[in-house]
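Okay, so we've got a single protein chain in two different forms coming up as structure tokens, structure 1 first and structure 2 after it.
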Structure 1
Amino acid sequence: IASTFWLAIAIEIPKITNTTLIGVYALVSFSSSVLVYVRSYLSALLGLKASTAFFSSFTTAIFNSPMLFFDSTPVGRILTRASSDLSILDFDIPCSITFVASIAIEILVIICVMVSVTWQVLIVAVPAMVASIFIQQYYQATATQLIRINGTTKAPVMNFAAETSLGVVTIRAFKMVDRFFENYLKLVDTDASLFFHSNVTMEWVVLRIEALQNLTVITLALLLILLPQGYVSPGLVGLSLSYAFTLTGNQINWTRWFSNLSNYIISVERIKQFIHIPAEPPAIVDNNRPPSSWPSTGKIDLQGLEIRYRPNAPLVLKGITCTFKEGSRVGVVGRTGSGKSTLISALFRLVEPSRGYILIDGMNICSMGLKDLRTRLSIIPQEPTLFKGSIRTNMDPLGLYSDDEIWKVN
């Protein structure tokens, strides 16, 4: 715009040389190129820093979250945050911020050019801009909720696909392929319907803002026609009218980018929800580490043990006090939901006690680090799990023992 504005002014200056005309034009164009480069560089640099910070915080929060989080959160929801939401944070948000800022500056400059020729256009331009902002805010309230709902419809699709792939052999054996395919299509349609409604609302706001900006352009053209001959130079009239024709397109582009940016921020909101997950206790507590021979006998004392899965949830274990003597075999019997699995989980601190203590060989396990506790205990689960990799990695996942030591155990 600055280079074009210079040409419109320069043709009115008498005795200007071609060298001056071209030199100033080249200088303005070169300055514009430098500014575009700086804008792109800062956008990439700041976007990379923000993405790195969010990714590090997100992965740290997920890997340090308690087991209760994985029991209550579907895998599809975690995958959605780690894939689509982080992708939006990496690519879409920096690009949207750049375009929103640059197009907004361009719109302001175009309005300034129009006002410099015919200030009367402000009588229509200012109310049109105020009305556009009001329509934008009215649209944004609905669009934000649609994007939030759309975030909840993506997770079931990914979760259903992951679970189906694991049980595909069973599904084919019972000839239930068509049923699962129909269920998958229903989930996809539900997710796509939210995407459709988001696009419809976007077109709704674009049509209204386009009508308002067209009113501004028509007013400017009418004022230019009514101006007395010679009141304004022909170069400025042509410059003002040519940029006025681009005002509607720029306003629509700004509306689209700003709406997309507002919707993309919801991905940041969802990622921050996972970042603020309460972490597990530390792996090692330096001032309360058990001796290398612990546990030597294996005596377990429960003293007034109370456990609930959530702060406001009812108690699952209510004031249990008992002793499991060392070297004995104990069977815990009870109906479904009586707390048998919860009692075993409490020994590994998969669930933290709300009140009471668990003592193993006289040491309170709630005051020591999780790594010191869990590496000293062993469990044979109800459902066997085979990790990916070799047999050796399954026998020694942490790589703590040599091959000779493993062969001696076998």
Structure 2
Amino acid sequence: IASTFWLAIAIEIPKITNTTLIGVYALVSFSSSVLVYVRSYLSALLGLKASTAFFSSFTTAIFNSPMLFFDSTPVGRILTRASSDLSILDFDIPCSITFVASIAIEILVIICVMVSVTWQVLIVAVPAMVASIFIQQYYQATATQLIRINGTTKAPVMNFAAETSLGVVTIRAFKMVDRFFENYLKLVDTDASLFFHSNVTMEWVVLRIEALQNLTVITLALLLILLPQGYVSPGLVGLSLSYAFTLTGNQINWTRWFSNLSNYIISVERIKQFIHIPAEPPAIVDNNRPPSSWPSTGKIDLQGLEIRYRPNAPLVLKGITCTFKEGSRVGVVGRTGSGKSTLISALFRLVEPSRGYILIDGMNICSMGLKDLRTRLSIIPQEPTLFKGSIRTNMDPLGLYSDDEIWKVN
């Protein structure tokens, strides 16, 4: 705008040479391109810094969260946070912050230009601006809720796809493909309809703001025609009018970007919810580390062990007191749901005892660090998992032992 403004005033100066005219114009244009470069660079740099910080706290929080969190949170929800919400943080937020700020400055400058030529336009421009802000707020209340709901409809689509692909053999065996496909389409429809409604509300707000800004432009044009001749220079009239025409477009762009930004910020909110999950107990408790030979014999003592999965859920293990002698093989028998797996997970403190103790070789496992405890015990679970890689990496995932040691165990 500065360069065009220069042209508008310069033609009024009687003895200006072409060289000065073009020189100043080129200088102003060049410095504005340098500033645009700096703007993009800064927004990329700062955006990247912010999203790196969020990403690392997010992954740390997920990896340190207790098993209870994974029981109560569908995988789909974690996946959407880690994919779409984080990608919004990576690209969309820095980009839209830049646009919101730069378009706002542009609008302000255009208004200044208009006012400097004919201040009377303010009589219409100010009320129009205030009205636009009201409309924007009215829209925002709905849009925010729509985006929030949209955030919850995406995860079921992913969950459903993941779960049906796991159970596809069973689904085909019972000839239920059509039913599952129909359910899937329903979920996709729910998700898409919210997207549609978001867009429709956006068009609603754009239409109103466009009308208001057009009012300002018409007033300006009328004023320019009605003002007495010679009141303003023709160069400035042209300038004012040509920028006034871009005002509508700019205001709409700003509204779009501002609404997008407010919607994107909800992703930050969602990621922050995950960052604040209470973490598991510490991995290592420095003043209570077991000796390196622990557990040397493997005697397990349970004393009045009570376990519940949630603070107000019923007890699953109701005060078990018993001793498993060292070096013996013990079978635990019980009907399904009687708590056999719970007993094993208690040894690894996947669920913490709500009362009672577990002593292994005389040490209370609840007072030591989780890493110390879990690296010393081994488990072959009900549903085994083979990690990608060689048999060797599966046997020693952390690469702590030499080949010889592993062969000896075999």
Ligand SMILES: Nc1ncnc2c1ncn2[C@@H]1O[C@H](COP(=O)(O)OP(=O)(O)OP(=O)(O)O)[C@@H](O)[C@H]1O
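Rigid core: the largest C-alpha set superposing within 1.5 Å between the two forms. This one's a predicted model, so the numbers in the text were calculated from it and none came from an experiment. Numbering for residues begins at 1 and runs along the sequence of structure 1.
Assignment of forms: the chain in structure 1 is the form predicted on its own, the chain in structure 2 is not. The rigid-core alignment places the CA of Ser292 2 Å or more apart between structure 1 and structure 2. Once you line up the core between structure 1 and structure 2, the Cα of Gly76 stays within less than 2 Å of where it was. With the core held fixed, Asn199 shows a CA shift below 2 Å between structure 1 and structure 2. Core superposition places the C-alpha of Leu377 3.5 Å apart between structure 1 and structure 2.
On the core-superposed pair, the CA position of Gly331 changes by 7.3 Å between structure 1 and structure 2.
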